[in-house]
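The data below hold one chain only, encoded as structure tokens and taken in the form predicted alone.
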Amino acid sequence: MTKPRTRIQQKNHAVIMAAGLEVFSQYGFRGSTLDQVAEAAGLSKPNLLYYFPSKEAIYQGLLVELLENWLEPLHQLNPNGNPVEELLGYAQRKLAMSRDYPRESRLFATEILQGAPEIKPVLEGELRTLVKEKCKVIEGWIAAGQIRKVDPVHLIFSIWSLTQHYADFDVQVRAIMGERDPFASAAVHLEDLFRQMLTPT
């Protein structure tokens, strides 16, 4: 059995993970070094290596946590709920994640742009299975006349695009909007858009 971490070990582990997130979300895996992570964590490199044997170990640990959080909002889509409210709620949860976890979103985007070398098996396995499962739910709603006819896969892609944009392109969004909070108005826009798009006539 793994020996429980002391309070100091727990603190340093969390500090290293936070530093890794900061560094990897800026420079990507290939452009980052252990020295950068150690500096961001305020630890010596030997001290960092006590907790993680390599840069890869830190990066993989971050991706595991990220994927668990990233998939959870889609898991919450309730087949027995009101379809429009369920899909709108999913979009709002994804938007909130972009607001609250922008570095994680950018880390995920960077991994994808680099060909997903670390998470491709998850994309082709767990994520594909989950999307297929939720697409069947959406198809059922369409067949029952509860929402308009849409392509379920592209609907999910659209939700990802419309929400993660605010994290991955934060500088562009804020440059255009000035000092305005983009997330408050984005939430209103998404609600109007999805109600119009999904509500049956």
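Nothing here was measured: the structure is a model prediction, and the numbers come from that model. So that there is no doubt, residue numbering starts at 1 and follows the sequence shown.
There is also a form predicted together with a further copy of the same chain; it is not shown, and the following applies to it.
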Subject >> a further copy of the same chain in the predicted bound form: contacted by all of Arg148, Val153 and Trp160, heavy atom 4.5 Å >> reply: yes
**OP:** Classify Thr6 as contacting or not contacting a further copy of the same chain in the predicted bound form by the rule of any non-hydrogen atom within 4.5 angstroms, answering yes or no.
**Re:** no
Subject >> a further copy of the same chain contact in the predicted bound form: Ser185, any heavy atom under 4.5 Å >> reply: yes
Subject >> Residue contact check: Lys134 to a further copy of the same chain in the predicted bound form, 4.5 Å heavy atom >> reply: no
Original post:
Is Ala57 close enough to touch a further copy of the same chain in the predicted bound form, meaning at least one heavy atom pair within 4.5 Å?
Top reply: no
Original post:
Who in 106-129 is close to a further copy of the same chain in the predicted bound form, meaning a heavy atom within 4.5 Å?
Top reply: Arg106, Phe108, Ala109, Thr110, Ile112, Leu113, Gln114, Gly115, Ala116, Lys120, Leu123, Glu124, Leu127, Arg128
